[in-house]
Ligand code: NAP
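What follows is a single chain, given as structure tokens, in the form predicted alone.
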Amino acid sequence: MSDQVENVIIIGSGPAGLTAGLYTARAELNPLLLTGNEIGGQVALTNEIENYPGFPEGIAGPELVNRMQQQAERFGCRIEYDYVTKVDFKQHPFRIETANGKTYLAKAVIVATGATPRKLNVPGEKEFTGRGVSYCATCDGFFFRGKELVVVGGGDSALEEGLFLTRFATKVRIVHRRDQLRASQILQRRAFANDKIEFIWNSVVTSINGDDAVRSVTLKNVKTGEESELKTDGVFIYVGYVPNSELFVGQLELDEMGYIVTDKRMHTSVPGVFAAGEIQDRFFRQVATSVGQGCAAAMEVEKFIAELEDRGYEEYKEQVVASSQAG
């Protein structure tokens, strides 16, 4: 373990984390950002982003992430490709351990670990993941050229990725448990106007079937209870997300769904620990809002460290530890 105490460590490299890296770097806090499994989070897996301000023609997710990373590094954000395995927020400086065997100490932490796709948890889903079951059309759509596909879900992600899959597939059937979509109106208009897309309403997937690869899904009509089998070459699942908060159980206050609880200024239940992006945002889930939250968290970190220095480190350290242990 290094004796050096970092001013701020950012956990996560999506839009919230990279924005926090940019702002804390510009504040000359010499931030360290730990990327997680992959840089960019969910945005890096998105084919095209059309609603982020400043890009009227749209921009590919990986390209936006690359630009954010370059900008953060330009101002001095240090980015380490490593995965956090353990945190201790009950002591100060905070302690962070990683998969590469490193241990860091930090005066402040910004958690921006995001969320991962929710699973259906039906027979065949786990067995056929990578063999016909996918959660990323951008990653896997190319492999289904000339095939027929099923997309599960009714929100923006389901329609966005379903539309993308029509570039490769001959037919995309969108299975939704209701008879109305939750997606934005502009996406609904595009989907309804696309000849390759067909909707299967009031239905859920109860199993995914196949041999060496996916061959069909079993559907159940939620109103009639009737079951049927639908042939398909692949299943793309978009039924929501689960916050990546396992690390913080017992360390930070979480809500009933596992999201980190913050106030309006991105403060968590532990002074000096902040959260931004989809790890604490279960409502908006947009690149633009994640960027704003990352900016806010970074600005609050700057204030926190300034107060830490003004009041005297030892005095404030005792307050932080007492507060975290009380929580």
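Note that residue numbering begins at 1 and tracks the sequence as displayed. Remember, predicted model here, so these are calculated numbers, not experimental data.
Only in words, not in the display: the form predicted together with the named molecule, which the text now covers.
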According to a 4.5 angstroms non-hydrogen atom cut-off, is residue 176 in contact with the named molecule in the predicted bound form?
-> yes
Applying a 4.5 Å heavy atom distance criterion, does residue 189 contact the named molecule in the predicted bound form?
-> no
Considering only heavy atoms, tell me if residue 157 and the named molecule come within 4.5 Å of each other in the predicted bound form.
-> yes
Verify the contact flag for residue 55: yes if a non-hydrogen atom of it lies within 4.5 Å of a non-hydrogen atom of the named molecule in the predicted bound form, no if not.
-> no
Tell me which of 207-215, 115-123, 135-143, 70-78 has residues with heavy atoms within 4.5 angstroms of the named molecule in the predicted bound form?
-> 115-123
Pick from 219, 87, 239, 200: which has a non-hydrogen atom within 4.5 Å of the named molecule in the predicted bound form?
-> 239
With the named molecule left out of view, choose which of 30, 51, 66, 37 has a non-hydrogen atom within 4.5 angstroms of it in the predicted bound form.
-> 51
Judged by heavy atom distances of 4.5 Å or less, which residues of 268-290 approach the named molecule in the predicted bound form?
-> 283, 284, 285, 286
